[in-house]
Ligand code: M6R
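Take a look at this single chain, the form predicted on its own, given in structure tokens.
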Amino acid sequence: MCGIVGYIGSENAAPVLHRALTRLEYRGYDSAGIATVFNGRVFVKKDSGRIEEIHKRLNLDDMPGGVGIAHTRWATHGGPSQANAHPHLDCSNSIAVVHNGVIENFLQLRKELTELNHVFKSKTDTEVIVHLVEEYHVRQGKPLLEAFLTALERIQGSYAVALISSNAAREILVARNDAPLAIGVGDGFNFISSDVTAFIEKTKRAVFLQNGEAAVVRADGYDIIKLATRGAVARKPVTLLWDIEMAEKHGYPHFTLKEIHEQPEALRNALRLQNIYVDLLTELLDRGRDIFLLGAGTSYHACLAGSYLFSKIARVATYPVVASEFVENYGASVNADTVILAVSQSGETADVLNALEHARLRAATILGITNTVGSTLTRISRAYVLQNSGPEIGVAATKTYTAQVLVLTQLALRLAKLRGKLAQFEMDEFKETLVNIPGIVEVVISRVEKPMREVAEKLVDKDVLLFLGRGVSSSTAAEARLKVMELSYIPCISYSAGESKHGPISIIDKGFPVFFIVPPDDDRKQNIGNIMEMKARGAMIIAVADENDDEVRELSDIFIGMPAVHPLLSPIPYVIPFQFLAYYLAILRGNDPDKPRNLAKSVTVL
């Protein structure tokens, strides 16, 4: 979600880090900063805004020292501001830290450290790291490395972290867990970064840290340490064959493909919601007489999936509404007993904000799910949670959608618990599947990319595609239709499979491609009936179904087998094949999948 970089060598670090930060701008950010060490002091310059704007105000190059760390921030805790920008300092101003990731237990750690008289200057989760190291190193006298490793033992969540100290001016300490981190190995200098783009113009030799590893990085070398055992790890550098453009995309030809592959990490971060905020949203949802789920485009499809989840899991009726339709068609029914849960990646979608302004003036309770701290949605919401999927550069939303559905699932589960609607064994079974979702998506990505490219090759010249699903899978069909239409420019139709006899069946003739989404749920038998109806009229049946569903396999012309998953969670993994389909259809038709024509990432005008 953020970009971190560090340098240690004979050059003045600040200009080198400034240049490296500009290489990370493509990732998206809201603030930036640099810290260096020189003559027993830590120097810091940071602020919110664009890097060059910050440089004009503060002169980022005018900082002494040959060792430093730097950061571009995408806010997850605390809005964009100078105080919340990284690097963060301890109370003694002798230790500086930058961090990428989400610390799940930061509230508990912050409370503990505050009681020990540590003074916090920001609202970020990151700041607990530097105060933990201060506690063990400055106050308890442990060596810096031991203090750093001890602090990491206390942290729950994801992190790529880098630390410098005036007490150890010839080294950078780093560690990673569920967030990327690499060492760029040079001749008499070394880099560290969350992204090789930051250093690839200086060196193409890199060492990639693995989960649960830390490292001490010096100008003339590095030592890798396994956190669990404190033992040494030997690892030689690899030579990168990428140029800068390829490095920005981590070797993928397009950001869209990269972001499809990033979904397991995005989903792990979407599971790292702060319980205090989830509980607050749940309590406010519980008070609502009428609950509207409001979104536009992909976010509306997440709301559609959410409406099934709230109904099936929490036994609560909700109304998913396209934001642009809300004021004129539902606005008159809004009052103080109404709760509106708005879903918007940017938090700035004009149709959503227009609807919320109407609802606010009628005293409705406004809640939010967004990816952007400091956005208008976060400012006007009574309470909100972040989906934690990080910047998304491709115009067509991929990891945004799956993260939003996962957040809505967690809210539905918490509401079910509050209302006592699920037996404990049901809740335990569902929660176990929920935790496994990132791993399931990882499996799906590894399995379906090649077969979906082959499907795209068969369909590249088709004039129209039809997507059918029942129940919660109707949201998957809708999102599949949107993705394929956005990127391939092929006209697409999605319907509830139960409605397929009320219109869509009339356009079926020999070879007409029909996609069926068939998880092993209560609608499966009816889905099979619809498949048989379409097949009898000559349709080409392409089914995405459980890998062990031999009956659907037998009826299909093309069968995409999916690993076992709770049917209510199927919208998350079952949408992945269609993301690949959309991407490869775009490539085969000569379209730019990152920038489809006539579309914008965020629609900020009515």
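Note that this is a predicted model, so its numbers are computed, not measured. Residues carry their position along the shown sequence, with the first being 1.
Below: the form predicted in complex with the ligand, not depicted.
- Picking from 483-491, 307-315, 270-278, 524-532 the stretch near the ligand in the model of the complex, with a 4.5 Å limit on heavy atoms, gives 483-491.
- In the model of the complex, at least one heavy atom of G297 sits within 4.5 Å of a heavy atom of the ligand.
- A383 falls outside the set of residues with a heavy atom inside 4.5 Å of the ligand in the model of the complex.
- In the model of the complex, S346 approaches the ligand with a heavy atom inside 4.5 Å.
- At a distance threshold of 4.5 angstroms between non-hydrogen atoms, V395 is in contact with the ligand in the model of the complex.
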